[in-house]
Structures are given as C-alpha cells and as structure tokens.
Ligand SMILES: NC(=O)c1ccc[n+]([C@@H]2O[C@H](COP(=O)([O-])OP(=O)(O)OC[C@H]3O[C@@H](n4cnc5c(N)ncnc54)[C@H](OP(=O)(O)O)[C@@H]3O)[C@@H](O)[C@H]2O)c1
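A lone chain, given as structure tokens: the form predicted alone.
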C-alpha cells in the first residue's frame, strides 16, 4: 500500500487504532473512508476531520457489508486498499453459561466479518491491478490471554487466514498485509490509561514508519508485539503464556 496515494476503506475506524490509522493515512496523502455502525459518530468524524469520508456499515450484517461496498465503490472507483479493522474484545468466563453469547458475537464480528469483507471487496481490488488487503490480528494470536479465549481464537484464525489468503492471491496483484497490534492504549478492554499498554500515538508512529520504509512488508510488527509474536520460535512461549495467565488469576 502506498501510504501517500492510496484510496483506503477502513471499516471499524470510528475510534482507537482504526481512526488513528485513518488520520495518519489521510495526512500522508491518501484518500480515506472510514466505516462504522454509529451514524452520530460518523457525522462527528466528518465534521472534525474534513476530507475523511464516512460510510455506515455493520460488519456483523452481510447485507450491510454489501450496501457499504456498493456505496464506497460508487463514490471511489479508484479504491485500492481495504483495512479490516472492525473487531470486538470482551472478557469471557466459560464457567458462566451466559458467556456463550459473547463468544458467538466475537466469532461473527472478528472472523466472519473479515471473511465477508474480503469476498465483498475482492473483485474491486483485483480490478485495480495492484491493491492491498490489510488484516488485523493481535499479539494474542500467538500467545493467548486467559480472560479473552474467543477473542484470542479469532485473532489466531485471522493470522492463519492472512497467511493462506496471501498465497491464494499472489498472482492477482492483491497483496495481503497483516497488522499485529500489541496491547495498545485504546478503549478496547479499557486500556486507555493502562501504563503497561503501548501509547496509541507511539504505535501509530511505528506502523507508519514500517509501511513507509518497507512497502513490501507482509507483517507489520512493532517492537512491543515481538515479545508475543516470536515467543514460540525463541523458546519463550511457556514463560510468556504464564505471565499473561497470571493476570487472569489475579
């Protein structure tokens, strides 16, 4: 993805990493459209950030995805990048039967959502000759956090999806880039003020630097996330998993 000249749609970009990335890409020179469910939040973004486009989309609803696809492509036939940012992260307790609803909602949003988005936008991206799909997994795809079992599982699935999708699309001109955030200071799981989480602006600085200097990168790994991503290959998996599990036991 050319950060200074792409046309990028980011569903799930009304706050946190998604909105931060949208603003950075816009500042770099790209045309950016953000998507989300809350119309009032979309209106606020459009007012606060002139030049950022907005489209209503619920990535848990297949019909909404197709409507948003049609609207985005009609407005921006030059669309050549989609960032699959939409996702939820909620604590679960399997000993509580009511947690099944959280698990099911997480799978629909975090896994089925990206799969449906790829299917919806792939014909447009292929038509451009050169295009990019950015998937969003997590450091927890490599070493899980006990309090969010289904979230971990969906992000591991997104990593696997990214790997195989990259192979399937390698002759189409559509590149697959996996963004792998660590714990970052956003409202996800209330990490805004958590001192152990990476400040959002620091995360975005690293991400933009990687995208600018490594245009062919397959995985965007900031330094903080390598503690998890490389744990197994470096023989540290048990240690890292124990550290994360201790937070659940506390």
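Numbering follows the first chain given and starts at 1. These numbers were taken from a predicted model, which means no experiment stands behind them.
This protein has a second form, the form predicted in complex with the named molecule, left out of what is shown; the following refers to that one.
Although the partner is absent here, residue 207 sits far enough away that none of its heavy atoms falls within 4.5 Å of the named molecule in the model of the complex.
Although the partner is absent here, residue 17 sits close enough that one of its heavy atoms falls within 4.5 Å of the named molecule in the model of the complex. The shortest heavy atom separation between residue 150 and the named molecule in the model of the complex exceeds 4.5 Å. Of the heavy atoms in residue 57, some are within 4.5 Å of the named molecule in the model of the complex. Annotated contact segment (heavy atom within 4.5 Å of the named molecule in the model of the complex): 86-94, selected among 69-77, 170-178, 86-94, 120-128. The contact with the named molecule in the model of the complex, taken as any heavy atom within 4.5 Å, belongs to 183 out of 221, 183, 28, 52. In the model of the complex, the named molecule lies within 4.5 angstroms of at least one heavy atom of each of the following residues of 103-139: 109, 136, 137, 138, in sequence order.
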